[in-house]
Structure formats: C-alpha cells, structure tokens
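Shown below, as structure tokens, is a lone chain in the form predicted on its own; questions about how it binds or moves come after it.
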C-alpha cells in the first residue's frame, strides 16, 4: 500500500477545518495511519520546502507554515498520492474545482489549507521529516 503525507496548514487550523479535511480523505477509502499536531520550527520548514529554496516565494512558505500549529497526517491506500492530489484540487483555490479541499476551503495560493506529497518518492522523504517509524501504524 502507498503512503502519503498531508499537512493541514495554519489557515485551515485557525478556521477549525482539520476534522473536515481528515474526514473527506477517509471517505475516499484511505486509512489514517499517523496523526499529530505540531508547531513547525524554521529548520523543519526549510527542510520540508527545500525543493523550492531558489524560488522567490520560498521565504514566504517557510514563514507561513511556521506561523501557527499544523496537523500532520499520513494516509495509506491504493494510489494514495494521486487520490489525495485529486481531492485537494489545484494549488490556487481560485482555479480549484468546487468540491475539492482547496476549492472549498482555500483562501489564496499560499493559504490553500492543505499540502499533500506530489509523488510516492517525495512522500517517503516527507513522511520521514514529520514521523519516526514508531509513529506510523499498520492496522
């Protein structure tokens, strides 16, 4: 089974949307195998967004994700990465379809409520940033 990381971002947490987002993903047949709330520090945020280090919006991403607590989740299931990417919708909520997480809850490109791994390979890397092996559950 494939696993993927989902981060419920500060804007969604501040609007009490964590439960609604997790529920939507579980209803897709995905299994929640890890969950915790944390306030990422700058070092973790920089590692997480390292792929964007040379882009002009990098510092804004780091500052935003460290601005408030987030919920980090790992979901497991057949084609989990692709399933969650579809459920999230386009990065820009203005372009995301209604019925997707970002289309329904996102406020802007930066404050788009949720992050999901973009590939199985990146999911493995991202999961390790947020969860040690003993915090991942099989059941």
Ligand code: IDP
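Positions refer to the first chain, counted from 1. All values derive from a computational prediction rather than experimental measurement.
The same protein also exists as the form predicted in complex with the ligand; that form is not shown, yet it is the one meant from here on.
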Considering 61, 96, 72, 33, which brings a non-hydrogen atom within 4.5 Å of the ligand in the predicted bound form?
61
Among 35-43, 22-30, 76-84, 48-56, which stretch has residues with heavy atoms no more than 4.5 Å from the ligand in the predicted bound form?
48-56
Taking heavy atoms only, is residue 109 within 4.5 angstroms of the ligand in the predicted bound form?
yes
Is there a heavy atom of residue 91 no more than 4.5 Å from a heavy atom of the ligand in the predicted bound form?
yes
